[in-house]
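Take a look at this single chain, the form predicted alone, given in structure tokens.
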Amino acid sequence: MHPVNIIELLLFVGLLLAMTKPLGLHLAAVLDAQGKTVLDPFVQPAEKFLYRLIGIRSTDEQSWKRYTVSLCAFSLVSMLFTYAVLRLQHLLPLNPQGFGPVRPDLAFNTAASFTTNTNWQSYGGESTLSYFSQMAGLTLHNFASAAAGIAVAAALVRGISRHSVKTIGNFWVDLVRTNLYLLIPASFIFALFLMSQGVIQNFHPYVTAQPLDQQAAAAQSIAQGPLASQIAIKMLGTNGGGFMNANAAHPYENPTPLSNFLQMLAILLIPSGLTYYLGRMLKNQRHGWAVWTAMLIMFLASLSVCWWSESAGNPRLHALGVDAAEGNMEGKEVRFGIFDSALFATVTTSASCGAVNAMHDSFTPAGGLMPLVNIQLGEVVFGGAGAGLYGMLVFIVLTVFLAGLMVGRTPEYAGKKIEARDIKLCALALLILVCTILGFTAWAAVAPRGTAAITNRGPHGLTEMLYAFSSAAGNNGSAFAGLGATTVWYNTTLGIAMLLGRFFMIVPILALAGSLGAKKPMPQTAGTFPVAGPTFIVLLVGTVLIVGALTFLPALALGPIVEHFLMTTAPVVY
């Protein structure tokens, strides 16, 4: 562990901590009018115009059922729009390469992927999609799906913080304000920074580069396009879909160490700020910081294992005199190295982002295990834009419930009695994720169309399938690679898993918001379990890890865990 890496990690955590409060205050002003923003004079005219265009009044609020219907209707229409754009891209403008229509199964997979904030890519962006498809079809969803996730988190926080009410906000207002006051201005500034680092932003046709020795090598086509605008929101909105197939390992998407560092920071900014927003809305800032601390502990634990394993390398290669000093450099950019590859992998799977700067399939078994576990925990280790907070709040309700059982009193959270219906809704939200991941993986493991796509047999092949459906259902979007997922069967099953993991989890969470919002407040007593301090943090972390272990440990034992022991204990065959 080089001292420079320690300094970088401390700087990363320090900047994340420093920006949590300002961003949390801004989120409170945007989502619940807790103060004014500097953007008000510039943005309010556009906001009012959009309300008139949609036909709503900003003061009208919705019940949890109307909120859910609005979100699902918006998502369905936007998904159909994206599907149409992809199928008709050969007839649409901004297609200098003359790309043809995307085939139906791939168009369905991609439309479902970007609608659900998953951004799984079964295609090579620069070799499949036109500029119009990249912008109108995909980048538009990067804003919309991220805002929808933040809106759900805000609705759940309102349900917890309010008393004896039947409404949890207005989805259309949350969608408009999140984009106008947060995602669009932040992405504009970040895109300008990325351009200053060398990220391209143009609509030029692809460039043909002639090699110096024209007889030894063929001419190379160098892709162009509006990259900076898409990359900015893909990181800030925890989307992850890259313009280029190589994603953040491509020098056009991630050209410098500074761009690499700030892209990682951008992924966790909004999820981190939402913890401060939670504390502010509940009028218990210590609770918000306790949630942030629990997330940080799990993040650092995951990073430590991944970093250690990749630095230790592969003993099979060491025995052959390969990579003995550098560690496991396979599948990694030399300009980033092991630490920045491990940090990026941990960041992007702690959040529901999916951007990558290294090949996860080339990680050691223990190194690849940690990104997989981060996703399977529900991506609550900071999590995605909004998704991380509402996922963690489910675990918080379960934690309070377990604490109440241990002391033999009715569990309470934020002055609300936690009842059987609330626990059933939390359990349903978690079971959707578990059943989708394990169910589809089991199907893939026995179906000929599932096993035909794996490039590695044995435990590594199982890990490839398990990672794919974990990434899809967890709305992460990163790929373990090594899996030929561009087939009709995988495009269809992965697309269905994405939709289940997003909307079948959101519905019980919004129902939970409605249930908690309708409850009457209860006075705190000496027996009320404190939701701040070391005891709460330990219990919350323990609840997340125990639930994850009970559900996914058997599958992990057959995949990366057994592969690790095979790598470290089995005899080397030359």
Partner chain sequence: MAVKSRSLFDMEIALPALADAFKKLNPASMLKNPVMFVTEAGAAITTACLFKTAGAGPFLFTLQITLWLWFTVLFANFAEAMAEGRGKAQADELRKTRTKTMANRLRAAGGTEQVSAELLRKNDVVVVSAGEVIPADGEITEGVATVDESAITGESAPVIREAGGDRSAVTGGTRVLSDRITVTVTANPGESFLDRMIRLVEGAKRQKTPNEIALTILLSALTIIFLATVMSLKCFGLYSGISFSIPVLVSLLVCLIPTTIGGLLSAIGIAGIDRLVQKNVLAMSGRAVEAAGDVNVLLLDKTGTITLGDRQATEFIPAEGVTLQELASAAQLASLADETPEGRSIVVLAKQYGLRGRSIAELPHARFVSFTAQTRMSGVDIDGRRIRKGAAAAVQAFAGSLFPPDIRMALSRIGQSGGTPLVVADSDRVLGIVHLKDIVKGGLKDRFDRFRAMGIKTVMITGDNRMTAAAIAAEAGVDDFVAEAKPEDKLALIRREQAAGRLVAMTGDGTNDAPALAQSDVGVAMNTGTQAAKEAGNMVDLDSNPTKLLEIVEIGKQMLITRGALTTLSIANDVAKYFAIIPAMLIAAFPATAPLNIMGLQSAESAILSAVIFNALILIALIPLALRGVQFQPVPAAVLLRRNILLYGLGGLAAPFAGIKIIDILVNALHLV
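Numbering follows the first chain given and starts at 1. Please read all numbers here as calculations on a predicted model, not as lab measurements.
Not pictured, yet referred to below: the form predicted together with its partner chain.
> In the predicted complex, which of the stretches 494 to 502, 353 to 361, 447 to 455, 71 to 79 has residues with heavy atoms within 4.5 Å of its partner chain?
Looking at the other structure, the answer is 447 to 455.
> So, residue 10 and its partner chain: in the predicted complex, are they within 4.5 Å at any heavy atom pair?
Taking the distances in the predicted complex, the answer for residue 10 is no, it never comes within 4.5 Å of its partner chain.
> Taking any heavy atom pair closer than or equal to 4.5 Å as contact, tell me whether residue 16 reaches its partner chain in the predicted complex.
So residue 16 does not count as contacting its partner chain.
> My question is simply whether residue 411 lines the interface with its partner chain in the predicted complex - judged by any non-hydrogen atom within 4.5 Å.
Yes - in the predicted complex, heavy atoms of residue 411 and its partner chain come within 4.5 Å of each other.
> Is there any non-hydrogen atom of residue 401 lying within 4.5 Å of its partner chain in the predicted complex?
Answer yes; at least one heavy atom of residue 401 falls within 4.5 Å of its partner chain in the predicted complex.
> Of the options 207, 91, 218, 407, which one has a non-hydrogen atom that comes within 4.5 Å of its partner chain in the predicted complex?
Only one listed residue qualifies here, and that residue is 407.
> Name the residue from 167, 260, 201, 441 that puts a heavy atom within 4.5 Å of its partner chain in the predicted complex.
Looking at the other structure, the residue within range turns out to be 441.
> Would you give me the residues of 411 to 443 that have any heavy atom within 4.5 Å of its partner chain in the predicted complex, in order from first to last?
Residues within 4.5 Å: 411, 417, 419, 420, 423, 424, 427, 430, 431, 434, 435, 438, 441, 442.
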